[in-house]
Each structure stands twice: as C-alpha cells, then as structure tokens.
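So this first bit is one chain, no partners, the form predicted on its own, shown in structure tokens.
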C-alpha cells in the first residue's frame, strides 16, 4: 500500500490539471474541425475548412506579422533594458540599491489589465500625461492620438509590454551577475582589459543560459499576450495592432464563429510548441559542444 501512496496523493492535482488544461485543449481541437457558432449552434463536422478559411484571411496574416513584431521586438527591448538596470543595481550603491530594486520591480507585480488601463490613460490624446509633458516642453503643439493612429498604436503596446516584462528580466540578470566569479574580472583587470572587453568576454558568456531562458519565455509570453493589447487598442485602429490572441477573440465572440476561433488557437499552440522544441533542441546542442 505504501508504494501507491505517492500516486494517491498526486491524483487530486493530476485530476485538476486534466480538468483545467487537457480537457479544454481536446475540446478546442474537436471544435476546430466543426462548424460551431455561438448563435446557430453546432452544424456538424466540416474537416479542415476552418483552417483553410483562416489561411485565406488577410487579417490573419496581418495579425501574424504584428504578433511577430510585438513578440520579438518587445522581448529584445525588455532584455536590453533589464540587463542595463541589472548592471546598475549590481554596483555597490548602499541603501539606495534596495529602494531601486523595489521601484524597478513594481511593473512586474501589477496586473496586465491594470497596466493596460494605466498606459491607455497616459497616452490619451486629450488629457494624457505624455502629451502634456511634450506640449509643456514645446515638442508638440497639440495632442497626438497615440493609440488612435495606425502608425503608432503597435509601437505603444510594444513599449507597454517592455515596461511590464523588463523587471522579470532584470531580476534574472541580477541573479546571474551575482553568480559570476569575481576572480574572472580580477584576472581580466590584471591583463589590462577595459570595461567593454570585460562585458563582452566575461559578463555576456556567463549570462548565456539566462539569456536563452529569457528569450524563450519572453517570446512565448508575448506571443500569447492578450490583456495588454486588448485593453489598450483592441487590435485597432483598422487592425494595425491586431495580434493573434485578440484575433481568436474576434473570431469567436465578435463574429460568433467558435470553430474558426478554435482552429486559430490550435494553430497558435502548434506554432509555439514547435518553436519551443526547435529552440530547446538548438540550445542543448550548443551546450553539448
């Protein structure tokens, strides 16, 4: 009986996982091959028609492009910002160091919905603080419609994403910096290496594993990010900031085509699963060399 005790104790967690994750995924996969509408109900099996309709939808390709830009650019800028602040906080600054660590981690603990609404107010063209500062400085004469313009909407949500994700990267980089043996820097100083050489030949190589993890997590989380974009722009204007998670909602609950929305969510899941597998495979091969 004792050998079955661990499995009995794990069963509630396993059952909850199956109910919350596995069952919805399977049901979503089934719906993607059916003609399902929230208004007309289920009309039956339609094979791969939902997938064909998505591929031939121009909005899908626009959302795919925007999602790639949002994920890649947002992740890279977050890592650069997080690394820069981590290098600063790694210095001996006394008590102010603890205060700065607390202030810099605030964006990470704020709910994405709350953060989205905050940025929406900051970027408001009539009474937003960003336009007020720019007008006070004489840079602009009238308020800019940051979220209402097709040229700036995607850029604004990317900046908001960077603001929210960089604290996580900062904490990870700071932990990695503190794990680097100081003897390496001392030996480099004896050899006459300057700060730039130390950074590229000691700091970055030692942070390689941290960078790999952050890249993978950042791309996955950004690719799946729904809250920030939906709260700030809802994919507008004219789909200029439309991303795939928001498009799933548009298909399912605006056009009431649940089958098409399910098919798109399966495509997103398959794409991320494939990219994650390839990425981890490449990284493991590099580390084994």
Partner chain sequence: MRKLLLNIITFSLILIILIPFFWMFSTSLKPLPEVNKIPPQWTCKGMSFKSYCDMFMYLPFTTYAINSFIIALSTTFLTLLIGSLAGFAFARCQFKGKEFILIVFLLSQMLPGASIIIPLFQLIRKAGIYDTPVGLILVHTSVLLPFVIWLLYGFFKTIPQEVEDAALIDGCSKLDVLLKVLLPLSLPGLGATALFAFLGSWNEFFFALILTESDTSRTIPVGIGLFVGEYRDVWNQMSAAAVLFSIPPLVLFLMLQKTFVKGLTAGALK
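We call the rigid core whatever largest set of C-alpha positions still superposes within 1.5 Å between the two forms. What you are looking at is a predicted structure, and each value in this text was computed from that prediction instead of being measured. Numbering follows the first chain given and starts at 1.
Below, we refer to the form predicted in complex with the partner chain, which is not included among the displayed structures.
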Open item on the list: I have 106, 172 and 220 flagged as a candidate spot, so tell me whether each of them has a non-hydrogen atom within 4.5 Å of the partner chain in the model of the complex.
Closed with: yes
TODO: Indicate whether the partner chain has at least one heavy atom within 4.5 Å of a heavy atom of residue 38 in the model of the complex.
DONE: yes
Task: Any non-hydrogen atom of residue 248 within 4.5 angstroms of the partner chain in the model of the complex - done: yes
Open item on the list: Taking any heavy atom pair closer than or equal to 4.5 Å as contact, tell me whether residue 182 reaches the partner chain in the model of the complex.
Closed with: no
- [ ] Please run the contact check for residue 226 against the partner chain in the model of the complex: heavy atoms, 4.5 angstroms, yes or no?
- [x] yes
Task: Stretch from 120 to 128, 69 to 77, 148 to 156, 184 to 192 whose residues place a heavy atom within 4.5 Å of the partner chain in the model of the complex - done: 120 to 128
TODO: Scan 8 to 32 and note down the residues that get a heavy atom within 4.5 Å of the partner chain in the model of the complex; none is a fine answer too.
DONE: 9, 10, 12, 13, 14, 16, 17, 19, 20, 21, 23, 24, 25, 27, 28, 31
TODO: Please say whether, between this form and the one not shown, the C-alpha of residue 22 moves by 2 Å or more once the core is aligned.
DONE: no
Open item on the list: Taking 2 Å as the cut-off, check whether the CA of residue 269 shifts that much or more between this form and the one not shown after a rigid core fit.
Closed with: no
TODO: Please check if residue 278 moves between this form and the one not shown, taking a CA shift of 2 Å or more relative to the superposed core as movement.
DONE: yes
